[in-house]
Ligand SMILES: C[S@@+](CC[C@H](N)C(=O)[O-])C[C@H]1O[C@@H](n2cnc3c(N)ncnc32)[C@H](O)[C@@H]1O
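Just the one chain here, the form predicted on its own, laid out as structure tokens.
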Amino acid sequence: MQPADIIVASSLLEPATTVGAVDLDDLIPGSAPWELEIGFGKGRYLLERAAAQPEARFAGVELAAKYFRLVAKRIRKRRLSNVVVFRAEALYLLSAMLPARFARAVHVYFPDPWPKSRHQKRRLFDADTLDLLLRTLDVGGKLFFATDHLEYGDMVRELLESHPGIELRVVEGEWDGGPRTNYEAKYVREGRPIRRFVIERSAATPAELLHPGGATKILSATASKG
């Protein structure tokens, strides 16, 4: 799959379709609010949410082909008309394809922490990339995050606490309703510690959503080219 390829599947599309641009209202018509899950894996939480809230619209992003195919098959089997899934690289989809302020909630559970230094540029939560996540949220929208990689979780918390456009809440204990993914259910049974955060977008303008670290790099890059 090329970086710019976006493969889409829903109960309204048979079979999965490759697209060059994303118009969410064309994929699932209506005016209902959207929720987005990045890295949905086997789709436990995404499909449960879509089935429980038929009045809302849901989108999921996953790069692994086997999980994408599995969840696309389950969507069609369960005839869920309010959920669409994308097989895509998340950062590309966020930066180039998805509209700003379209979601009331974004869910990111147990993303790859990329612990090796040379791979950390691929992290979803970084000063350079956090703003891509936040721009998808409407004002007052919430981003839900969990990780069992404690060092990464502490880094994410520090990153969030230094952002001027959000409000951060640390979740003590489990989510209301219990584990949200298969990984989380396994880790809870094992007694493994988990970092859980809820981030609410309080900023109203794009400029207020720039993390200081990311903004500094943008200004430095602009100055070096000028």
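Residue numbers run from 1 along the displayed sequence. Computed from a predicted model, the values in this text were never measured in an experiment.
Not on display, but discussed next: the form predicted in complex with the named molecule.
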How about L137: is it within 4.5 Å of the named molecule in the model of the complex, going by heavy atoms?
no
Residue-level contact is defined here as any heavy atom of the residue lying within 4.5 Å of the named molecule in the model of the complex; does G41 satisfy this criterion?
yes
Can you tell me whether S162 touches the named molecule? I mean in the model of the complex, with a 4.5 angstroms heavy atom cut-off.
no
Would you check, heavy atoms only and a 4.5 Å threshold, whether Y109 touches the named molecule in the model of the complex?
yes
Quick one: which of 97-105, 150-158, 127-135, 81-89 gets within 4.5 Å of the named molecule in the model of the complex, going by heavy atoms?
81-89
Counting any non-hydrogen atom inside 4.5 Å, which residue from A51, L63, V188, V198 sits next to the named molecule in the model of the complex?
L63
Using a 4.5 Å cut-off on heavy atoms, which residues of 170-203 contact the named molecule in the model of the complex?
T181, N182, Y183
